[in-house]
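First, one chain by itself: the form predicted alone, in structure tokens.
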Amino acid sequence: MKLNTVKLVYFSPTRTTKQILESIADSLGAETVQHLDLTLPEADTSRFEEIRDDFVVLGAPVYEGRVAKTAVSRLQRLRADKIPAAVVVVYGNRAFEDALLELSDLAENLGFIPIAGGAFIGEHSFATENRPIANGRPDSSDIAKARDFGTKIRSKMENLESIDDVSRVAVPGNIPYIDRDRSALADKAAKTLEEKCTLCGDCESLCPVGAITVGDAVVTDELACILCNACVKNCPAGARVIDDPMINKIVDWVSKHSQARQEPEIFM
């Protein structure tokens, strides 16, 4: 089966997942690569046609060992009809735990056939210069491995005569998935340093859940915030920060215990 059209479907607040999927697509050999970006709030209300592309790559970040909840809710709005797909999760050098299996199960429930899976590493959303966690990743080695993954997918697809020959790939994970109780973080959110803020509005336009409003001041809906840190990573003035004692303690621990370099894992 030759790939004519590939669709990249992703939720990617800090753009690392998008970067990995684009690198995979570089080696798929498709004539057309399309994007379906589910990152911003309009993905909650947009009308999506049934996906009928030759091949789809689904990507999402890992939060607490699971697929980000916002990604799950938006992916659940999609439908496909026996479309082969690769499922890809991106995590911050700690562990991807049950996220890849969760994404693979979700893809199958939506009508995709996951024929390949990958877990890649991106800079942790809470990483800073003083608390490094996979800073600067994906790096050139990660990108090369993502392209090699794309080459392997292309070879697998070209060796199939028809969609009836496609079978689901086995990926690691546990059932039931790891429990994630975020109640202790329910009212945590990035804050604005008013002395640095220029009211440029970038944080508002980048927020995946519409939790930020910029007028005469920056107002953040703390209960809506998903702690993706897109606003922190992309504020041109460095005015958005996470400075909460509980989160600082967690990030200190993760930084201390996640320095050993993790490498991408692929499953064919």
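Sequential numbering from 1, following the sequence displayed. Only a predicted model underlies this, so the values are computations on that prediction, with no experimental measurement involved.
From this point on, the text means the form predicted in complex with a small molecule, which you will not see here.
Only one segment in the set 118-126, 101-109, 143-151, 73-81 has any non-hydrogen atom within 4.5 angstroms of the small molecule in the predicted complex, and it is 118-126. Contact annotation: Ser12 falls within 4.5 Å of the small molecule in the predicted complex, judged by heavy atom distances. When contacts are judged by a 4.5 Å heavy atom cut-off, Gly29 does not count as touching the small molecule in the predicted complex.
The closest non-hydrogen atom of Val87 lies beyond 4.5 Å of the small molecule in the predicted complex. Residue contact with the small molecule in the predicted complex: Arg94 places a heavy atom within 4.5 Å of it. Residue Leu227 is the only one of Leu227, Leu36, Ala43, Val33 with a heavy atom lying within 4.5 Å of the small molecule in the predicted complex.
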